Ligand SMILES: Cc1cc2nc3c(=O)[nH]c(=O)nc-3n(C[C@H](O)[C@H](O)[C@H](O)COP(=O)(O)OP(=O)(O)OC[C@H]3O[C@@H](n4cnc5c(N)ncnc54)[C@H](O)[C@@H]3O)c2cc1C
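Presented below, as C-alpha cells, is a lone chain in the form predicted alone.
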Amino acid sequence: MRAIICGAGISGLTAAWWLARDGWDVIVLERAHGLREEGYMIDFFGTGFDVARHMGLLGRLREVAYHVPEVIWIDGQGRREASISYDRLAKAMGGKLLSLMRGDLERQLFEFLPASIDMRYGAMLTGIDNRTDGVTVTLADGTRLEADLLVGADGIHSIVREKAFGPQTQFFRDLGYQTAAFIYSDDATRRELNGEFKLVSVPGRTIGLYGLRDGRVASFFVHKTDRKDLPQNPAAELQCVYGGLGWHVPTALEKARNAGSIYYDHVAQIELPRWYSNRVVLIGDACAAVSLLAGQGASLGMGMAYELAAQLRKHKSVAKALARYERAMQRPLRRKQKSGRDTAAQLVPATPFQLRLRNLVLALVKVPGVFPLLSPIFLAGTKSLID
C-alpha cells in the first residue's frame, strides 16, 4: 500500500512515521524547499505528548525543550502586571508539559523518520484524480504519482482540501485577529529577558518575546482587527498596529523591517463537514484548525495522524478506516474549536476592563489554596484524546 502525504509539517511528519512503521510505502510532498524554522513557542502536552511517548520521541523533545518557569505579562512600558507559574502548571499535569519552538518539534520529527520514506521538498501539488480504488496526484513539474491514499496535511490554506473539497472560502472562519512571528538578533533584549517569557499586553494587542538558546530572540504578535485581507508589507503593518508601545517593542519592530522571513496570517479556524472523500483524507489544520487562540494545534495534529494510522491498521477497508477516523476525532476537535472562540477575549483582552479582570484572576492563583480551586479552568481541554 502506498500513501502520499502532502505537507511536511508536524501533522504530516507524524503521519509519515506511523504509516511507514505499519509497512506503508510513504511519499511526502512539501512545497517549501526545506525545514521551516519560523513559528511560535508552543505548549506541548495532552494528545501530542502521548503520541510522542508512543513514538519513543519524548527523550529527544526533552533535550530541545525550554525551561519556562513562568509567563510574565507586562504593560506597554514594561511594568509587570501579572504572571503564572509554568512549573506549577506542569506539576498539575503530572509533568506532561513541554515548552517547544515549533521549528524544533518539526526538526525532531524529521530526523526521527525512517530512511525508507521518500521526502520530496520543493514539490507542488497541482492536480488530484480521486477515485474509489486509488488516487493519482499531479505535480507542478508534470510528475504523476499513483497511490492508495492521499493525506492532506498541508495546513490551514490546504491545496489538497481545495482540490478535493472546494474553495477555502466555504470552510474558513476568521476569528477577527491577525498574527505574526519572526526571529531576530538583539543582545540587549535577550539580556533583559534572561530566560523569561514576557508578554506585552494592552487592549486588543499582545506581543510575546523570549530568548532562544542560540542567542536570538523569538517574537510573536496577535491583535484584534476588522481587516479581512492580509497586508502586502507585514513589517509596515506591525509598525502601524504596535508603534507607540515601549519596552523592547520598538527594537522588535525595527528588526521586522529586515527580517528574512515573517510569518503573518489570520487567526482562523477551518470547519469542514467531511474530512475524507474516496481516497483523500485531511488531518491537522487542513480540516480542523483550532487557531492560535485555542492552542494545541501541533499536539492535536499529531493525535489526528496517530488515530488515522491506527484505524488503517485496524481495518482492511480503507473507506471504513477513514470513516472511523473521522467519527473518532471530529466531535472532540469541534469542542476544541468552540473553546478557542469562547476564550479569545481572555487571551487577547479587547478592553481595559477585560485586561484588569484577566490580571485579577492570575493574581488570585497565587493566593494560598486558590490554585486547586481554579485549576480546572487552566487545565480545561488538556486531557489527551488518545488512549
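Given the structure is predicted, the values throughout are model-derived calculations rather than measurements. Residue positions are given as counts along the sequence shown, with the first one as 1.
Note that the form predicted together with the ligand isn't included here; everything after this is about it.
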**OP:** Could you tell me which one of A90, M119, L145, I159 places a heavy atom within 4.5 Å of the ligand in the predicted bound form?
**Re:** I159
Subject >> Proximity to the ligand in the predicted bound form, single hit among L292, I270, L238, L209 (heavy atom within 4.5 Å) >> reply: L292
Original post:
Is there a non-hydrogen atom of Y40 within 4.5 angstroms of a non-hydrogen atom of the ligand in the predicted bound form?
Top reply: yes
**OP:** Using the partner position in the predicted bound form, report whether Y263 sits within 4.5 Å of the ligand, counting heavy atoms only.
**Re:** yes
**OP:** Mark E30 yes when one of its heavy atoms lies within 4.5 Å of a heavy atom of the ligand in the predicted bound form, and no otherwise.
**Re:** yes
Original post:
in the predicted bound form, does R358 have a heavy atom within 4.5 Å of the ligand?
Top reply: no
**OP:** Mind telling me which stretch in 343-351, 32-40, 329-337, 56-64 gets its heavy atoms within 4.5 Å of the ligand in the predicted bound form?
**Re:** 32-40
**OP:** Just give me the residues of 108-128, first to last, that have a heavy atom within 4.5 Å of the ligand in the predicted bound form.
**Re:** A123, M124, L125
